[in-house]
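Given as structure tokens, the chain that follows is alone and in the form predicted alone.
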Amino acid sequence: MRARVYVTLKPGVHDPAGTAVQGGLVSMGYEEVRSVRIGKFFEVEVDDDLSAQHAGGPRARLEEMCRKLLANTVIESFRVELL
């Protein structure tokens, strides 16, 4: 089974990398760019029988992975999509 995990900064958290990219785009002539927020994307492949192995199934297990390693939940939000 495959899943996609999107990790983004929570609203209100300053994004200096996004600000730098936005400034670079504007300096290259893309004046229409008002802001950029940078995040992370993970494509995770897990065993197909994960539902039988863990209570809560694959979504719960992937969300656990996010809380423990993939996202800093103090400043980041995450979203899991099962494919």
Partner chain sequence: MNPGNEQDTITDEMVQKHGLSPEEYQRLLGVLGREPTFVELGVFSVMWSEHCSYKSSRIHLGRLPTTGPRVLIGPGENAGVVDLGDGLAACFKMESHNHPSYIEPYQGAATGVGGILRDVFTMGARPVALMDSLRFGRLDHPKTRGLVRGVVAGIAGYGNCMGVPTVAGETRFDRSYDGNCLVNAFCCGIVASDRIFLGTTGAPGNKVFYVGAGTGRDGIHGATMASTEFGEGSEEKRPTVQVGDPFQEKLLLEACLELMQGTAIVGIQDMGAAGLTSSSVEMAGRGGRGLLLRLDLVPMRETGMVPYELLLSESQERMLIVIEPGREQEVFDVFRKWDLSVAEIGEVTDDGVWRCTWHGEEVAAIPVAVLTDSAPKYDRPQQAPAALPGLPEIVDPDPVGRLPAMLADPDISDKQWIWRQYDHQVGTDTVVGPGADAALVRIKGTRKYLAYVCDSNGRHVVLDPFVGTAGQVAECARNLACVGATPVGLSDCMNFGNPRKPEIMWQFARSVDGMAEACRALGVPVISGNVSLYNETDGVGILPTPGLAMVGLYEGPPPRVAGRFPRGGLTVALLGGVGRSLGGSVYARQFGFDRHGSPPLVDYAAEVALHDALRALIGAGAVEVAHDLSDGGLLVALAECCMEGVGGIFNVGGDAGALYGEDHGRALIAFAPEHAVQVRALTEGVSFRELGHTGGDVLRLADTHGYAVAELQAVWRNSFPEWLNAGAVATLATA
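Residue numbers count along the first chain shown, from 1. Every value quoted in this text rests on a predicted model; they were computed, and no experiment measured them.
Omitted from view is the form predicted in complex with its partner chain, to which the following refers.
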**Contact of H54 with its partner chain in the predicted complex (heavy atom, 4.5 Å)** = no
**Message:** Please determine whether A60 contacts its partner chain in the predicted complex, using a 4.5 Å cut-off between heavy atoms.
**Reply:** no
**Prompt:** For the stretch 16 to 35, which residues lie within 4.5 Å of its partner chain in the predicted complex by non-hydrogen atom distance?
**Reply:** P16, A20
